[in-house]
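Only one chain is given next, in structure tokens, and it is the form predicted alone.
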Amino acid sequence: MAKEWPLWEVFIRSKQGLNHKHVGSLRAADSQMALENARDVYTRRSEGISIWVVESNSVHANDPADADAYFEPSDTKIYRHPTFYDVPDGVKHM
């Protein structure tokens, strides 16, 4: 039985965007193959400007059941909310 290739998560930055967005997953033997396959599968209409691939076993996430432990404390830190700050007119991408 053949060994299965690792699973990779694919992130694309669009020409109009400032951040990479998760667009899907694929299997590839290595990072170069993952990049090439991601280009072929997820950027067929030339919408991307940058591709990131990350081996899925390198992605770590919290359990959604523990969301309160991760996100509840930020509600008590009102200084983190942008309502207290004036953004100058010349500042873009906020």
Partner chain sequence: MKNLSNEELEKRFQEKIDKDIKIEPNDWMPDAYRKSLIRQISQHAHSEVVGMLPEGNWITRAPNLRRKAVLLAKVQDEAGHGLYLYSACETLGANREQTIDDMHEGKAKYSSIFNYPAVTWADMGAVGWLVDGAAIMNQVALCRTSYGPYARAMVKICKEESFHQRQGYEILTTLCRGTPQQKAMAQDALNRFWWPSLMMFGPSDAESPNSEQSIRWKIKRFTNDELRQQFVDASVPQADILGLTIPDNNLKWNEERQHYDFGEINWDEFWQVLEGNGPCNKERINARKAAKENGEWVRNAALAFAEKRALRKTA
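Remember, predicted model here, so these are calculated numbers, not experimental data. Residue numbers count along the first chain shown, from 1.
Heads up, the form predicted in complex with its partner chain isn't pictured, but that's what we're talking about next.
Its partner chain in the model of the complex comes within 4.5 Å of no heavy atom belonging to Val87. Not displayed here, its partner chain is approached by Asp66 to within 4.5 Å at the level of heavy atoms in the model of the complex.
Among heavy atoms of Lys3, some come within 4.5 Å of its partner chain in the model of the complex. At the 4.5 Å threshold, heavy atoms of Ala29 reach its partner chain in the model of the complex.
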